[in-house]
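Before any questions on how it binds or moves, here is one chain, the form predicted alone, in structure tokens.
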Amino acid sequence: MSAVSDGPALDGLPAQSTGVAAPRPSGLLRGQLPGGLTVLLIAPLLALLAFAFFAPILRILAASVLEPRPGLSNYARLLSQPLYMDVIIRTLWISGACTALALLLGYPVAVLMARTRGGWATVIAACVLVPLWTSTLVRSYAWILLLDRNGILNGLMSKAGLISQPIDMLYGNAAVLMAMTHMLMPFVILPIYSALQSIAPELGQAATNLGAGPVRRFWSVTLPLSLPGVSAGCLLVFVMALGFYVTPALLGGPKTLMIATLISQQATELLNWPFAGAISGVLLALSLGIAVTFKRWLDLGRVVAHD
């Protein structure tokens, strides 16, 4: 009978099995936690979310269909009156325009951050991150100082002889759009920067060796591979813009009423919580629908990038 080797393989030949299975590494050695321990660790987070997030949302959504009487009268009122429909449409187009502007202005900044090295990279990163450390209220008042009739921009244009009288730049859609784009732009820059950082430099060099110029290299290599970051950043900006409250309230005034300001008015001034819940339900449905749409676009972008 031939002996069965249980030693290591020699000269690249596999060792013969002894019939005894090698011990498999435990879950902890593989970097995985047992299911019971995982549930125990995330239980405080789930409890906090249930108490501070899901319970209030369910309560106000229940009030929107149960008060003042069971039914969809609050939703019918919201969707039937032109005033409220104008608010919804205005919120959607301002959020969409803010997302488009943030993408157009933020993508070159993200490319510059990804391709710059040394001290300038730190300066660019500081310019992007420092506004995030400043309160939204403070930045909104800064825009008021810039755009007011007696503000900085009117003063500079008057001294330069460009205008003879101050221009009303506050309390309109343009002021809200500029301020919101400025405040939300970092949220589109950072995901795109992360996606650009993950692109191997050899891909661009290979495209150049195949005869692609800078424009063709961007459209064929850089842009498709950065689509996951683009879609993630646009989703963040659009959903955050839908619920923006402080900036539209301060810079827009009554002429630029957005859905978050409308919810606040109904809940705190008119004390109509069921109708405020109906508006919140519509805003939640819009946010979830847009998130699902962007998720599909993100998956499509990954497919294009891998192709």
Partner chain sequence: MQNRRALLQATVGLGLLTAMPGGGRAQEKLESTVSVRTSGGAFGDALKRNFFDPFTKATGVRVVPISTSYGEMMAKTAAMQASGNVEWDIIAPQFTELAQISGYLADLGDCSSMPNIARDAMAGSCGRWGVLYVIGGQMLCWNPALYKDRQPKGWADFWDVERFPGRRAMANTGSPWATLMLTLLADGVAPDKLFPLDLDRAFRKLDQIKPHVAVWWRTGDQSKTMWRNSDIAMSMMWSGTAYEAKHGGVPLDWTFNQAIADLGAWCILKGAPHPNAARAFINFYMSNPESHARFAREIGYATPNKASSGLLTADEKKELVTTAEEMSSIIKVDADWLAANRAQALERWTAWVSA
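Residue numbers count along the first chain shown, from 1. Because the structure is a prediction, the values reported are computed rather than measured.
Beyond what is shown, the protein has a form predicted together with its partner chain; the following relates to that form.
Colleague: Its partner chain isn't shown here, but in the predicted complex, which of 226 to 234, 130 to 138, 186 to 194, 82 to 90 has heavy atoms within 4.5 Å of it?
Modeller: Only one stretch qualifies here: 82 to 90.
Colleague: Can Y75 be called a contact residue for its partner chain in the predicted complex at 4.5 Å between heavy atoms?
Modeller: Judged by the heavy-atom cut-off of 4.5 Å, Y75 is well away from its partner chain in the predicted complex.
Colleague: Taking any heavy atom pair closer than or equal to 4.5 Å as contact, tell me whether N150 reaches its partner chain in the predicted complex.
Modeller: Answer yes; at least one heavy atom of N150 falls within 4.5 Å of its partner chain in the predicted complex.
Colleague: Within 4.5 Å, heavy atoms only: does K255 come near its partner chain in the predicted complex?
Modeller: Yes, contact at 4.5 Å.
Colleague: Although the partner isn't part of this model, could you tell me whether T38 comes within 4.5 Å of its partner chain in the predicted complex, counting any heavy atom of the residue?
Modeller: Flag for T38 set to no.
Colleague: Of the residues V65, I263, M240, A249, which one places a heavy atom within 4.5 Å of its partner chain in the predicted complex?
Modeller: Looking at V65, I263, M240, A249 one by one, just A249 meets the 4.5 Å heavy-atom criterion.
Colleague: Along 201 to 225, which positions have a non-hydrogen atom within 4.5 Å of its partner chain in the predicted complex?
Modeller: If the 4.5 Å heavy-atom criterion is applied to its partner chain in the predicted complex, 201 to 225 yields nothing.
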